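Only one chain is included here, represented as structure tokens and corresponding to the form predicted alone.
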């Protein structure tokens, strides 16, 4: 089954570093599910440090973070202990141990050729609909700032029913949907819209 934007996120039950997790139990919350190629790897370590550094920002946005790879729970535990010992950072979110590759395959996150997890990100809304998904090369670390910006944009759309323009950031105007009738398009002219198909709205 292929995961695509706008679909219901596949449910699963998994073992994590914080105990069993049933994904459907998170309904009603925003969820950030992100996968990493492997424990004890350099890029992934920097990402876990970065996610932890911004953890409180995610919590303020009501977002649950969940890590994932095909490593065992014992490997995860050893890696998180090593991070705490050498960097003084305690990773606060659960990390799924998917040694049977059930979750990674559900979300198209397993690279059969290399045998490792693809570096991916899924943002899932409170209705458990996939709202954003992106894959990174193994050698390219993620921008946590951009992930947070996208979450804020999706929540803006959720609350205000407005789209967001390029490079949108909180406080910027949103965009109304384009009119679908000629009369509505002509009404936009009277409203002083930038173009009949582009109307920015302060909120």
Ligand code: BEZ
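Residue numbers count along the first chain shown, from 1. Source: prediction; values computed, not measured.
Although not depicted, the form predicted together with the named molecule is the subject of the following passage.
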Is residue 49 a contact residue for the named molecule in the model of the complex, using a 4.5 Å heavy atom cut-off?
no
Wondering, does residue 37 line up within 4.5 Å of the named molecule in the model of the complex on heavy atoms?
yes
Heavy atoms within 4.5 Å of the named molecule in the model of the complex: does residue 148 have any?
no
At the 4.5 Å heavy atom threshold, is residue 138 in contact with the named molecule in the model of the complex?
yes
Using heavy atoms only and a 4.5 Å cut-off, determine which of 65, 43, 175, 144 is in contact with the named molecule in the model of the complex.
43
With the named molecule taken in the model of the complex, which residues across 111-127 come within 4.5 angstroms through any non-hydrogen atom?
119
